[in-house]
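Following this are structure 1 and structure 2, which are two forms of one protein chain, each written alone as structure tokens.
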Structure 1
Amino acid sequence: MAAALALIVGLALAGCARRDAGPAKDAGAPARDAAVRVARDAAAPAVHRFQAQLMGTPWALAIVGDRGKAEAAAKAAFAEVARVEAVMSEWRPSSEVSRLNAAGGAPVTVSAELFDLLQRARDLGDRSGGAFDVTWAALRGVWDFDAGRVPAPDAVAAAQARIDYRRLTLDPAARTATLPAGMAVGLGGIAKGYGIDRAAAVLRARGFTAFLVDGGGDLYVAGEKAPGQPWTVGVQHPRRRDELMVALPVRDAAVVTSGDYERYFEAGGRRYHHIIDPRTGMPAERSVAVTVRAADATFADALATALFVMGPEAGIALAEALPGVDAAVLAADGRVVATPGLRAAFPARWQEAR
């Protein structure tokens, strides 16, 4: 830990965590076990922390600078996240997403920001071969991880037949979205990242250049915690909850994770977890956890889910083809497959990491 100031974020590598399952990290998910500790001495720049409950999960801000200005900026940032939630939460009947889901196949005029987010989601669906699919919400209620019950195969098949992001039609000229009746959009795998980016934009607009935005364990980090000292993000070991696997120095980037152990149950010697492959309706089997570092949290949020579903080889191949992206996939057999930017940071096998 640096003498002047240190921040360690223990990221529980998790995905969608509402009561119902989906292949994406839910924007209304309960908190991952993200432990944020800020330590400083008298010589360090002042770091001010603020907390709020938004999108169903705890949010935290760490802002370097004047206390009064930081407090006002934090209030504005949290208000912006609340606004995003009101637009994009499928859990709110009045949201734009809920209106789209209830339209019964009719075109719905949506805001420019929701249209753009749906377009980004569709683009990643194309890039990932459907591993990321915002129409996963047809599966809501089929899986119950609290009850620990495996759904009947015909129930999974019936829901999975109503999942296909390519059937979401976007008309740029009219700025409308159309979803066939019986299908549903769920932005759990991308909206929280968008909220993080919006909060960061508010802080920047208020003149802050050094801060951290933590949305339930998904992060955006700006600047340095002190001159010459980067923020440090610790990635939790996927099976040893009290241990960090790696510590990554981060500046002006997002770090987002997905993993198989926040919501799961075991039956018949098999682990059933909440990150569902939308192409099968069943829990993805190729990965244990994924860490993504990217320029913005919106993309990192969605990409972490996509890579988890794709698995190590295909996932890292996609990450390497994307500019400004680094990723590490912890495979089911214990291997760690990573892009060059993270290869040296992660152990070769997560099962042996200390």
Structure 2
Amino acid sequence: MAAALALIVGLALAGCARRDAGPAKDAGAPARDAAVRVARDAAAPAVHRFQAQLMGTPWALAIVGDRGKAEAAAKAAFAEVARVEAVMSEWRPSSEVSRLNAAGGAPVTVSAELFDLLQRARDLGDRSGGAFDVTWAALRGVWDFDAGRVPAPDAVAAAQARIDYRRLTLDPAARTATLPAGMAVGLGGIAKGYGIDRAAAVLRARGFTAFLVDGGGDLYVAGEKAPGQPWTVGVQHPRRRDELMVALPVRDAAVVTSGDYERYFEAGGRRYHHIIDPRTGMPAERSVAVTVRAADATFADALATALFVMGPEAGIALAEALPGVDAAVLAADGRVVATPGLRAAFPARWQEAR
């Protein structure tokens, strides 16, 4: 543990926050192309941008189309994310998740939506050998990343004994969820991705086919910015926020990143971050950052968290077995391990950052 974490701190390595890299790639075009470019831009449909603060993070939408309709759609999409937050939040006593956590072992009837998400979380728990475990939340309050205090080992061990997603019972016929008393569910590793997918669904339902949904740097990208011009998703350097590590053209897919730099504190020269290895109750040690590209953001979000815990070998083996999924894991020892679809894009650039 000590050695691996010291390594993470010591390597000023790549990872990711992600954003639409915008038109920067056009910046160096030769002057003689300028007229052509202006003509094309004039014909290109307008991209409208909207922002909101939701789920404790900044959200942004970029929507191609009519300004008035885009504005109304953005409002509806943000309202949908706020609704999801009210259902899934572990912090709001009135949320469905809080009701489940407070039920003391009794079955709780939940919405079809929450039931489905819990089912998906359980499925990924199975596929990842327990690396993704929504009952990690037994440790909430033991690990307090805002207070920045390292908990006593016996407090971690006591809470860790109450982590096991297989003890979350889901009854599809009754649509109930049952959690043993003393256990808790926390959807921080999947709910944002679900919010992104819901926002995208709202935009699609209103007829938009070209847009980008950015939930705190996790993205879903639909269609193209302009005909023949894909959206470009920039992956930022984790330790040097203004540096772009890689720019990926993406269409009709989610790109989600998990890293040890999103929420962490340092104590005694070690970095303690918010992705927990359910087997130890301690911050996962094998990875610095993970990027996943998949068809939907819910799965990409949860999978990025799972792969982070699993580390490069087991994580990429799982990603390769999943159809339509690409992933890159930046390991604590500095290696980058990626599926074939991202191998060319990531390794060189991530290694350069050391």
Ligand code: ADP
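It should be emphasised that the depicted structure is a prediction, and the values quoted were computed from it without experimental measurement. Here the rigid core means the biggest group of C-alpha atoms that line up within 1.5 Å when the two forms are laid on top of each other. Residue numbering: sequential along structure 1, first residue numbered 1.
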| item | value |
| --- | --- |
| Structure number, where the criterion is the form predicted alone | 1 |
| Residue 126 C-alpha relocation of at least 2 Å between the two structures, rigid core basis | no |
| Rigid core superposition, residue 262 Cα moves 2 angstroms or more between the two structures | yes |
| Rigid core superposition, residue 167 Cα moves 2 angstroms or more between the two structures | no |
| Distance the CA of residue 147 travels between the two structures [rigid core superposed, Å] | 4.1 |
